[in-house]
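Provided below as structure tokens are two forms of one protein chain, presented individually as structure 1 and structure 2.
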Structure 1
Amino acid sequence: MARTLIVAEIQNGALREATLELVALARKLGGELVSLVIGSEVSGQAETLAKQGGGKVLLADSPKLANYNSDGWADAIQRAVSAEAPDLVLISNTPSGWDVAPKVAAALDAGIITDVFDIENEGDELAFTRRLFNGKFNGRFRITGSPRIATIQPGATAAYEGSDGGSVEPLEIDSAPPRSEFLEIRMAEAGGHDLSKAEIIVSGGRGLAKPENFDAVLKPLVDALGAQMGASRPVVDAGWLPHEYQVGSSGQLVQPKLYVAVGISGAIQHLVGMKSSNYILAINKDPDAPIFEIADLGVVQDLFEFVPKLAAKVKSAKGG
């Protein structure tokens, strides 16, 4: 691999962990690395990235880039591509990444693959891996032409932890005002169900089959353990539980002492949200479910048989 451009993201004034994951992935592939930092008054973050392995860091710094807008970001990325001629452009698979990556690909007439969790050198080619059919298969893809653009699933790679002396150079950007105007960010209310500080979480997935089973089957175990209830995204999308119960890349990031995953397959977007839990117990009837790859203890059984027995055991062990 000759040259990779990574697009950094800043959140709450600091580089996102996902950006250092892009650095790690680009470095694994080898070749030259150029990074792009976009924002307003973000030279400090650009310096940090240069020191944390980002290589040559291009800085697109302007008051009009203070908040994400697709015109400004797409312009900066296209200018970086034309200045640096990368073979590969890596963008995090985050809400702004989803928005800007296809726009840049269309403008450059470049091939794009989204939601990738690994890239490998394959001779002179690159093999991009992403999950298919709800994580039941992994698909490997190639992109023809250059640059190739990929959005990378946050959490798929460990963040780069080395330190290297890079450099920061300004990147000139389009002076025209953006066609969209930033108004405000509205934070969703936690609604009193804040999983981020829970010590024990019992989460249910599509394996619970219907909403009534969250009360009938999962809740007795939640109560016996003194836990909080969580859920996978399909459960929330189906309206069985509110969004504040959702664990994962588009839900809450949790780190309890004990995480019990019940009828959850272990899609990467779910794992991102709970893989830092201290101890993971997974209950799933499919021995090949990806959740078992990160579980400390895996129980291959029908949840409708196992969970009531476990709840009863915990209750009696606690003298209930």
Structure 2
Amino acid sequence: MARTLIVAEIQNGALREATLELVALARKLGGELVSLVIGSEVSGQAETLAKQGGGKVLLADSPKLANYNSDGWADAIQRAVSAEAPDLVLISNTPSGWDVAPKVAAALDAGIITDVFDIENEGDELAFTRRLFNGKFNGRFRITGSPRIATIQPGATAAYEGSDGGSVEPLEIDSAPPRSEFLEIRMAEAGGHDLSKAEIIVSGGRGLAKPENFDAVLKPLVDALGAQMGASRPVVDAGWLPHEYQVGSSGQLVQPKLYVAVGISGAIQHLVGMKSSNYILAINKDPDAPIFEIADLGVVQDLFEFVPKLAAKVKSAKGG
């Protein structure tokens, strides 16, 4: 791979973790790395990225880019591509990434693949891997032409932790005002359920029988472990918990130190979202549940009897 351009994202004044994940993936592929930081008064974030492995960082800094808009971002990315001639452009598979990547691909007449979780070198080619059929299969693809554009699932790889020095260079952008006007950002009430960085997650499935049992049965274990609560897709589809609790290929990809699956049979959609956890404990009364195939420890018990006892033991061991 000759050259990769990654598009950084800034959230709440800091680089998103997903940006450093793009750095790690690009460095795994090898070759030259160029990064693009877009925003207003974001030179500090560009310097940070240069120090954290981003290579040469292009800075598209303008008041009109203070808030995301597809016109401004697409123009900046196209100008970066024109200046650096990358073979590969990596964009995080986030709401802004979903929006701008196809626009850039259409403008450049470039091949694009979305929602990728891995890229591998195969000789002079690249193989892109993504989920198919709601996570039931993995598909491997090649893209012809240059540049190739891919959006990458946040959490699909660990963030780059190096401290290699890079440089920051300004990127000239279009001075014309964008055609769209930013109005506001409306944030859903997440309730502290950003599962992507949780060290311990306790997830419940349909085996809990009714929504009230998430508070009555599952929450005491969540509290005892100091964990965050997750859920399987059937639970979210049934309206028992909001979507931000969902773990799986259509929810959040997680890599906690400990993942406790309670009453979850283990549909492939769920497994692909949590199988990279460091340690997996599964509790299910069905000994043939697929979740046991990837669990480090499986408990074949009635969850309504076992989970309260486990919560009490954990609480006691912690002096509670």
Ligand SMILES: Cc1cc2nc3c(=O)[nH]c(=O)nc-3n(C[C@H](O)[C@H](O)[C@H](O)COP(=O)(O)OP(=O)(O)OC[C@H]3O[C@@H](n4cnc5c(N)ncnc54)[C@H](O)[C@@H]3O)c2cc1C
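Residue numbering: sequential along structure 1, first residue numbered 1. Just so it is clear, the structure is predicted and the values come from calculations on it, not from any experiment. Here, rigid core means the biggest group of C-alpha atoms that superpose within 1.5 Å across both forms.
- The form predicted in complex with the named molecule appears here as structure 1; structure 2 is the other form of the chain.
- Superposed on the core, the two forms barely differ at P177: its CA moves less than 2 Å between structure 1 and structure 2.
- Remark: with the core as the superposition reference, the CA shift of E199 between structure 1 and structure 2 reaches 2 Å or more.
- Core-superposed comparison between structure 1 and structure 2: the CA of A26 stays below a 2 Å shift.
- On core superposition, N278 has its C-alpha offset by 8.6 angstrom between structure 1 and structure 2.
- For A261, the CA shift between structure 1 and structure 2 after superposing the rigid core equals 3.7 Å.
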